[in-house]
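In structure tokens, the next block holds one chain alone, the form predicted alone.
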């Protein structure tokens, strides 16, 4: 995993809303608008999340995305790997073999084994992956649920319902033309 991009943050936030609004499918546009982020950017994330089996899509008036499995079975590592792919955290450039003191005669000890810096970065990446694998979307949702007042959840549910009602009204008006 390379430096984690904004896509991971956007993706986790979107999935959090799907976890909190369990009974509703939300479009990528709704999820982007709800959070005030770029709809086109969010739309690019969902095919990756769908391919990874994290979300499922449905068509129709009430279509959109839903979690493919319970939030307790989706880890942050699942999301990172789906969005970022299998990139290493650190890409060792083997600089240790370029030291000017060696003057072209590279001693064996200088490059014997894994570079100490690379080894430290591998340990850090492993620790990070273990931490992300140990944290689920449900864990994040529980934290948000404890922090936010009930009125916030009600406001989100009302906002989502308003979007669905507006879509229904637009389609009903078009169908009468």
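Numbering follows the first chain given and starts at 1. This structure is a prediction, so every number in the text was calculated from the model and none was measured.
The protein also exists as the form predicted in complex with a further copy of the same chain; that form is not presented, and the subsequent description refers to it.
Using a 4.5 Å cutoff between non-hydrogen atoms, residue 33 counts as a contact of a further copy of the same chain in the model of the complex. For the chain shown alone, residue 135 is a contact residue for a further copy of the same chain in the model of the complex, at least one non-hydrogen atom being within 4.5 angstroms.
In the model of the complex, at least one heavy atom of residue 95 sits within 4.5 Å of a heavy atom of a further copy of the same chain. The closest heavy atom approach of residue 74 to a further copy of the same chain in the model of the complex falls outside 4.5 Å. The candidate site formed by 43, 81 and 86 is entirely out of contact with a further copy of the same chain in the model of the complex, as no residue has a non-hydrogen atom within 4.5 angstroms of it. Taking a further copy of the same chain as positioned in the model of the complex, the residues of 129 to 153 that bring a heavy atom within 4.5 Å of it are, in sequence order, 131, 132, 135, 140, 143, 144, 147, 148, 149, 152.
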